[in-house]
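What follows is one chain in structure tokens, specifically the form predicted on its own.
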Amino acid sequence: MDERDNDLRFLIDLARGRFSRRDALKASGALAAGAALGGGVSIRQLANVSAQDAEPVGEVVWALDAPPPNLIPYGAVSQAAWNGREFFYDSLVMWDQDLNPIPGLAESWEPDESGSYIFHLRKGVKFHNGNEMTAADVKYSMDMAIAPPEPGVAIAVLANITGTDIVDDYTVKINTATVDPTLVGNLAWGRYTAIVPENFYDTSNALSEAVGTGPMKLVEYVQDDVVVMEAFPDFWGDGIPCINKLTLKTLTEEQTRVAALRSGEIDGGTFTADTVMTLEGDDSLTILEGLVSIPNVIQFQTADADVPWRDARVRQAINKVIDRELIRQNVFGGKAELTGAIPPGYGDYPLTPEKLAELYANDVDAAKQLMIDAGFEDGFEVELQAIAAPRSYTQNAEIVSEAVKQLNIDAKVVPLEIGTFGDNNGSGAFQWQATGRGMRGDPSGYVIDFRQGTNQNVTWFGDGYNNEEFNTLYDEALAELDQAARVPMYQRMQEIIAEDAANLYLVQPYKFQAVNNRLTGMYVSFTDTNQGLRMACVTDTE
């Protein structure tokens, strides 16, 4: 290796975070050398140097605040389940950090004349068992995705897929019932479209085993405790993985995570805003923050025929007395943003802060008049269920409960553990709920529940909410392949939801993660996953 190679090697290590403080003095000279190597080598470009040029090194222990219940690749809806398996699996398409679809296991794709999609697969991609991925594996995987074996459940966002055809060993056609502009985004999300070896469910225990094409391969899974994995040397992606061993350790109590972080038992985890404030003075730690897709919402159930809030005027009155700034400051310490149905950060689709402020303007007198007009000036009693942990959902509910007292509404807050809360939510066994919405692969996923006749709409709204303008816009947007043309459609749909107060969207909080300084390259992902660990590296700080 000549001097130019040594300079490039240092630049690679610098880009990946593999350098100590005593090496920092080399940086200026190496950067100058980088310019000579090819007209200006950037750190961003060097971060994409292939894994063959830099062997994975070091071990990382990352804390999870909820235990992965299993490792099944298909039909597991909980965030905890995804957190346990996200490094084992890839999808045909990926997102970059700005949510632009980019090639994953498919090098390219295009719609055909029927509106279905042709995907051209990468050649030479290896599964963790050493077998090469082919079209047969993709067909098997997509068949499993749309009809997952138990305990997985069918996912509505894939319901338009009618099947997958093998064109040749490296080409597949995913057929759709209708023109589907959501397919590429839902594949890029990747949460429900992992690619596994053909007949995986016949040869492996999908609950506790994982065989994918991802950057890490499974070493050990202990339910409610740890998921241990190691770098997959034949991973197809450039510059990944950088970590040699990754352990996901379940630590449900936040103060336990704090103690483990301070002692060096773990290298990082997720923490509340209040706890992060106590960690900011620790020079051995780095605090990361960013918006994530968790729009907090008060959800109404209007399928019951005799509830007062079937009347839009009652819902609109409630909207006018809720002080979202109070929630933003008191619950999240100012670290949250106003949100509509589509949260800020999701491309061009969200409503502007100015529009949201207009839609959410407080007016107690107007609210009281709406209640009189609706015949409910004396108010009513209602049960407001809230997710017990994290505590923020219950705090949201408590602030809403206090606000609606101005309308003579007695909202009893009932905190519930997530299992019971989720069961009630899925079955419609609630009146109001303080909850949150997660990431979606397409903007339609954030608003589908308001489309009359869709699955959850029937359970949650019934005939208690129906807006024909919304229904028409929703259907038109699902038939439009031009993504730019869809933007104003979804913005108007969000305005309708807010004007009708079909549900009451509150704020989208920031997410906080604290990491040991030895871990570089980690970032808070908008998807609310830990995908930053795919890019992260271990470095010394001596």
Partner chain sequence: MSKYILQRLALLVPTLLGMSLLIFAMLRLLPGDVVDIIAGTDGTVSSAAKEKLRDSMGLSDPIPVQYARWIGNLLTGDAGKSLRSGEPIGEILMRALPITIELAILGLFISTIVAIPLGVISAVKRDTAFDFAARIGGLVGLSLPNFWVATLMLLFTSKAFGWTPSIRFIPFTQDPIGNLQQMILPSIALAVPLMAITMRMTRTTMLEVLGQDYVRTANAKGLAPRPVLYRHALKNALIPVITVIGFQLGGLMGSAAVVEVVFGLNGVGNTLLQGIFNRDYPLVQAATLYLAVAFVLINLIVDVLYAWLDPRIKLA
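Quick caveat: nothing in here was measured; it's all calculated off a predicted structure. Positions refer to the first chain, counted from 1.
Keep in mind that the form predicted in complex with its partner chain is missing from the display, and what follows is about it.
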Its partner chain in the predicted complex: contacting segment from 413-421, 344-352, 162-170, 137-145, heavy atom within 4.5 Å: 413-421
query: If you check in the predicted complex, is P67 within 4.5 Å of its partner chain, heavy atoms only?
result: yes
message: Is it the case that V515, even though its partner is missing from this view, gets within 4.5 Å of its partner chain in the predicted complex, heavy atoms only?
response: no
query: Just to confirm, Y192 within 4.5 Å of its partner chain in the predicted complex by heavy atoms?
result: yes
query: Does its partner chain come within 4.5 Å of any heavy atom of H128 in the predicted complex?
result: no
Heavy atom distance at most 4.5 Å to its partner chain in the predicted complex, all of Q316, K335 and R492: no
message: Within 4.5 Å, heavy atoms only, which of P151, P308, G464, G115 is in contact with its partner chain in the predicted complex?
response: P151
message: Considering non-hydrogen atoms and a 4.5 Å limit, which listed residue (V184, A397, I327, I155) is close to its partner chain in the predicted complex?
response: I155
query: Which residues from 256-272 come close to its partner chain in the predicted complex, meaning a heavy atom within 4.5 Å?
result: T256, V258, A259, A260, R262, S263, E265, I266
